[in-house]
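Encoded as structure tokens, the following chain is the form predicted on its own, with no partner shown.
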């Protein structure tokens, strides 16, 4: 089964760090990301660009665009990866080894693990 893992962080806490401090913390991520990709259990891993977010939704029958994340929260999604795991416990075990789950406690880092449903259930691909 596939699982979407979302890497969260506290935007304000991250901004309080110098670029050197931030780089030192996030430098741990690429090594584990490469390990996940090499294992064949991860299909994609990426960081998200926070400055270029647009939310698309319908209001009053019209499509509207809003700059910025749609969720009003100090925690924002900063990265994601999709992995293959035998079950949720296996997915959590894999995700818990990622630096985003082990480091950056003061930065509000966390990894959320969500099962990905199949669109085939709804007649899709």
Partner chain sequence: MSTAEQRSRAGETDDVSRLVESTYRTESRRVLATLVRLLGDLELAEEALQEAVRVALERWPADGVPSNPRSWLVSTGRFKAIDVLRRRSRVDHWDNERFEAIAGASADDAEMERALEHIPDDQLRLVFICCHPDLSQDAQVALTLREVCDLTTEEIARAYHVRASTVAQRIVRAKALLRRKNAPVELPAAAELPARLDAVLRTVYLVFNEGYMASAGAAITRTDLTGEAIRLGRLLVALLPDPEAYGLLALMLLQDSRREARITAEGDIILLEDQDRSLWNREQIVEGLALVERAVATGTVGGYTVQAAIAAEHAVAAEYSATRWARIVSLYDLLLRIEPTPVVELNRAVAVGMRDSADDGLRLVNEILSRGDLAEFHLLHAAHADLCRRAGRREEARVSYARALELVGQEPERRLLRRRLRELA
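Positions refer to the first chain, counted from 1. Everything numeric in this text was worked out from a predicted model, so none of it was measured.
From this point on, the text means the form predicted together with the partner chain, which you will not see here.
Asker: Just one of 75-83, 46-54, 60-68, 92-100 has heavy atoms within 4.5 Å of the partner chain in the predicted complex; which?
Answerer: Heavy atoms within 4.5 Å of the partner chain in the predicted complex occur in 92-100.
Asker: Taking a heavy atom within 4.5 Å as contact, would all three of 9, 12 and 29 count as contacting the partner chain in the predicted complex?
Answerer: Looking in the predicted complex, the three residues 9, 12 and 29 all stay beyond 4.5 Å of the partner chain (heavy atoms).
Asker: Please determine whether residue 1 contacts the partner chain in the predicted complex, using a 4.5 Å cut-off between heavy atoms.
Answerer: Although the partner chain is absent here, residue 1 would touch it in the predicted complex, with heavy atoms inside 4.5 Å.
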